[in-house]
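Just the one chain here, the form predicted alone, laid out as structure tokens.
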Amino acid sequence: MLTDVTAFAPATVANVGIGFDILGHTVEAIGDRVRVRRSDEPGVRITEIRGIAGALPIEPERNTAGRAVQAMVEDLRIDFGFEMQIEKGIPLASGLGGSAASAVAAVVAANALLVQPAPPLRLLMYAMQGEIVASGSAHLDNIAPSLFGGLVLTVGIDHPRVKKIPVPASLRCVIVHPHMHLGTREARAILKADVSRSDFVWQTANLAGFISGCYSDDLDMIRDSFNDVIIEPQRSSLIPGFAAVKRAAMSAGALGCSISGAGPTVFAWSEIQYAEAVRGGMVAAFASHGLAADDWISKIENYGARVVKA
């Protein structure tokens, strides 16, 4: 039986513009690692948090990874303990699913130490309990792609259904993270409770067209549908220079550009041949508004969380 396992969970782009709280995809370039060791003393303990962590709570009930494994222990009535070391590779409050990745990596590692491992959908629910600690609400658009990999549609919360959606092989995701913090709770708090009928119809059509374009390898359909008319207009004011960054991406040939999760990271989908120009334009636009940025070009891989050391 394994007693010491390290798991990696990739960063994610949540919402993907038109799929608020239901769509997300992996960013394989960066992620979090969690090492979990079995102990005779029952309970969950976090012994170390390192990497680009900042001030994260070490108490399990206040930490996304700790709370996720606690949920597993409670549900499965595990009679031994887990000691955890968390290595953060995803910037905090970046809109790249750092809280979800820690929770996912933790439950994947802990699951590898069980005699009878839990199925992926159970792990999804445990990780969701960790995500609630960070954002204050239950949503799976970061957790599901980080766990399953690729572009993922998740329908439902109590009994979620997860569907992986194909992505045209010629596409890349350009991710630009400006050096600023924007908390998920803050970004959710500004959202209006009501949506007009015309915006609902427009957004529904865009979501349907986007998914259809992915399945049919229709880049023109993806481009025409890549337009968030509900969430992006409300959150864009929280990100200095967002309008200029989006214009730069689209001018350089992007199919679409929007806010990653709650922000402030901005992402764009692009064909391979335009990806470098899209990245350069987005970084320069942020710089013109006084913001340095980290940037990546990533495939939208079908690789989710996995054990990397046992």
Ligand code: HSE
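Model, not experiment: these values are computed from the prediction. In case it trips you up, residue 1 is the first one in the sequence shown, and so on.
The same protein also exists as the form predicted together with this ligand; that form is not shown, yet it is the one meant from here on.
This ligand in the predicted complex is approached by Ala14, whose closest heavy atom lies within 4.5 angstroms of it.
Although the partner is absent here, Asp21 sits close enough that one of its heavy atoms falls within 4.5 Å of this ligand in the predicted complex. This ligand is not drawn, but in the predicted complex it has a heavy atom within 4.5 Å of Asn142. Taking the partner from elsewhere, Thr184 is found to have a heavy atom lying within 4.5 Å of this ligand in the predicted complex.
Contact annotation: of the candidates Gly66, Gly31, Gly281, Gly261, the single residue with a non-hydrogen atom within 4.5 angstroms of this ligand in the predicted complex is Gly261. Between the options Arg188, Arg122, Arg223, His179, the residue in contact with this ligand in the predicted complex by a heavy atom within 4.5 angstroms is Arg188. Contact with this ligand, judged by heavy atoms within 4.5 Å in the predicted complex, is confined among 212 to 220, 199 to 207, 133 to 141, 79 to 87 to 133 to 141.
Contacts between 275 to 290 and this ligand, taken as any heavy atom within 4.5 Å in the predicted complex, involve no residue at all.
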